[in-house]
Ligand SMILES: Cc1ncc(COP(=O)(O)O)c(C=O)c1O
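Single chain ahead, by itself, as structure tokens, in the form predicted on its own.
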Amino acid sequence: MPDALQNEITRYTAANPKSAALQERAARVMPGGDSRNSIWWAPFPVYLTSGRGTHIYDVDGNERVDMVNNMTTLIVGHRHPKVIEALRGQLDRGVSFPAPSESVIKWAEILVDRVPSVDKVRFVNSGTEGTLNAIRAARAFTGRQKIAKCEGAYHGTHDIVSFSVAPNLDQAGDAMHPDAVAGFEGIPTAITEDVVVMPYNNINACEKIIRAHAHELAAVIVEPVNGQCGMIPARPEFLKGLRSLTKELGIVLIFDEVIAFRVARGGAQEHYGVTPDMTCFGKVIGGGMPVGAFGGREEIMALYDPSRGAPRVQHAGTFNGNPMTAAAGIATLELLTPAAYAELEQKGDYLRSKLRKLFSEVEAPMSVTGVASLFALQFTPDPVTDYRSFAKNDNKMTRTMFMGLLNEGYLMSNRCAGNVSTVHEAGELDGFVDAVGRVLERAGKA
């Protein structure tokens, strides 16, 4: 067979000359032409001009079905009329103010009403800020310094969580007791001492690690659905075990639901029936605008209360709880009714079932992971349940599939993870499965 990846790249390059030119222009003023690594790929990314519903359009006139929705954000699709109406209404009143607006109260009320763990909430502008502040609160509340996180988990880009996100296995140590490996240069070396790394989905190994460090652990932070490794759902006993253990030992349990809040009306914690002490949000709660939030138990969130003198933990930000994001967030959350979540889950189940049937029929060494509206293609025949099993993926085939799907008219993340929105139709999901089959055939895998 000719080199399948190179053939897909050649086809892609020929179809996107204007995007290639824009990338060259961008590289003159931004390092690598990039300000957001997650949406850059070689040889260059497509440059988008507009989106509507499930469809996105680029500078070369290509139309594609969006299967990533700005990294899980656009749960009701592009330019939903109710979201656009809310933004236009707020635009006429002002885009930001030097004092609070009533809409932020309504926005907070929705989250407090829906999410079991949230008595009070504060808004920020990214998921990174959400996890940073939740961890800071846990340290202040417990008087301890260390945190425990799972190997292969991404919780943003601040220093304390930037360990063992995608470590080289030669440096990662024992699978049952992983070493903390810095994700990139520039992280203070002293911080390594404050990070304890655990294997995802293995409660027995985690219990040994947590008990060994219990006296110095402020928090355990975990994604109920591991997005970095391909939308891997947590095993119910894993989350329940963490909850029981952290409660016993006085450790703050933080759920990072920046992605997982898509799973149910009250988030993944409602889906699993496990209530953490704190929860971090982002993506869908802002309706497409820059957003993050963190919330939790009354006694922890009281650390931020400025109404009775100086708060024990300071927290400010010019655009925190800005009215434009509140408008889009309220409109989106109001669209996400129980019926909407049921439909999203049905679509996700349908898509994953069709993909599994395809892989079985063509005998492709692949699988699909995910839950509710989230899914990811895994290029290994072995079950993927944690970082070590995810690391077995055929990376060249992952890239071949990503480029091939772009050529077929579908956009996923460059790790071949995706999600469905409320506006995806069955025909688009069937078309996506067919496109996966055609890429596998061109690659000699079917």
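Quick note: we count residues from 1 along the sequence shown, nothing fancier. It should be emphasised that the depicted structure is a prediction, and the values quoted were computed from it without experimental measurement.
Although it is not shown, the form predicted together with the named molecule is what the next lines describe.
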Fill in: Among the candidates G348, G295, G127, P199, the residue which, in the predicted complex, approaches the named molecule to within 4.5 Å (heavy atoms)
G127
Worksheet item: Which one of V118, L242, I259, L74 is close to the named molecule in the predicted complex, taking close to mean a heavy atom within 4.5 Å?
Response: I259
Discussion item. When the named molecule is placed as it is in the predicted complex, are G156, K283 and V291 each within 4.5 Å of it, taking any non-hydrogen atom of the residue?
Written reply: yes
Worksheet, complete the sentence: Only one of 250-258, 357-365, 232-240, 212-220 sits within 4.5 Å of the named molecule in the predicted complex by heavy atom distance, namely 250-258
